[in-house]
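So this first bit is one chain, no partners, the form predicted alone, shown in structure tokens.
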């Protein structure tokens, strides 16, 4: 089902547009009244996030309008750009160039082609088994053993995070649910709304009530209060969206809780990667959000977990 024919999907998008309109108006009003420099900086950051959300919402809507192949292409492009951002931060040598060419121009497109044709048996093991072994052999054959383990591990990890994990988001489009057929687009939008909503809500709760740092050496802006408030609010948000999913209201709430927790874990792990590399953001492609990988870091953990939990308990 596409956006033109799926009533639940239309209501989800309609609600998202209304929310963005309200957020935009409120953000502008608050920006006019803010006087303190710290408050102004916070409001500017929040408004930049809202503006970026408008752009992402339009792009996502266009991809869904095209049909399932549009969403697969969109996430394939996101993976390609995220992989590029990740690789620029890790140590590589000239001997790794052929392995990188394989990663960008064969393994990544092949992974998304398998997702597009719903070949679960192969897309679920292509990267963690075959690409994992092949890349190590390809780099070993280059004859350069300098920092071999570090170089191979970095490229393998980049593929796992940026391609394999993210590919589980569009894989939802082909996931059959008992008694509901394949409600893919609504499942995908449910995942994206909850995981991104959790990020925003944790930010807002952290700014309003945050006192205790949850991981001061990895992500100074994350607080215990922001985490608890954001996850609780995202869980409620997911429960309120139960009507657009194949889940009962309590099941939608539980799924949202899983998404919020795993999304937080993804963000924290990727923050550790950035601190290790000595950078604030993975890139600058999205105004107010940093790089592509900064925006989808939560999704890298949430997408595969949500897919497998849904497939195990509800798969047809």
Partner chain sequence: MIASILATTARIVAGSTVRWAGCAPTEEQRIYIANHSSHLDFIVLWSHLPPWLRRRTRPVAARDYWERDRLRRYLAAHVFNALLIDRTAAPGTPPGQLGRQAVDQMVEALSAQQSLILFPEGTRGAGEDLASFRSGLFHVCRAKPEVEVVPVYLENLNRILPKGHLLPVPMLSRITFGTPLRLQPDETKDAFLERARQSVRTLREAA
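This one's a predicted model, so the numbers in the text were calculated from it and none came from an experiment. Positions refer to the first chain, counted from 1.
Same protein, other form: the form predicted in complex with its partner chain, not shown, and the subject of what follows.
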Is residue 228 part of the interface with its partner chain in the predicted complex - any heavy atom within 4.5 Å? no
Exercise: residue 180 in contact with its partner chain in the predicted complex, heavy atom 4.5 Å: no
Please tell me whether any heavy atom belonging to residue 87 falls inside 4.5 Å of a heavy atom of its partner chain, as the geometry stands in the predicted complex. yes
Residue 224 within 4.5 Å of its partner chain in the predicted complex, heavy atoms: no
Tell me the stretch among 126-134, 79-87, 163-171, 182-190 that has any heavy atom within 4.5 angstroms of its partner chain in the predicted complex. 79-87
Considering its partner chain in the predicted complex, which of 203, 104, 113, 148 comes within 4.5 Å of it through any heavy atom? 104
Does the trio 94, 97 and 100 actually contact its partner chain in the predicted complex, every residue with a heavy atom within 4.5 Å? yes
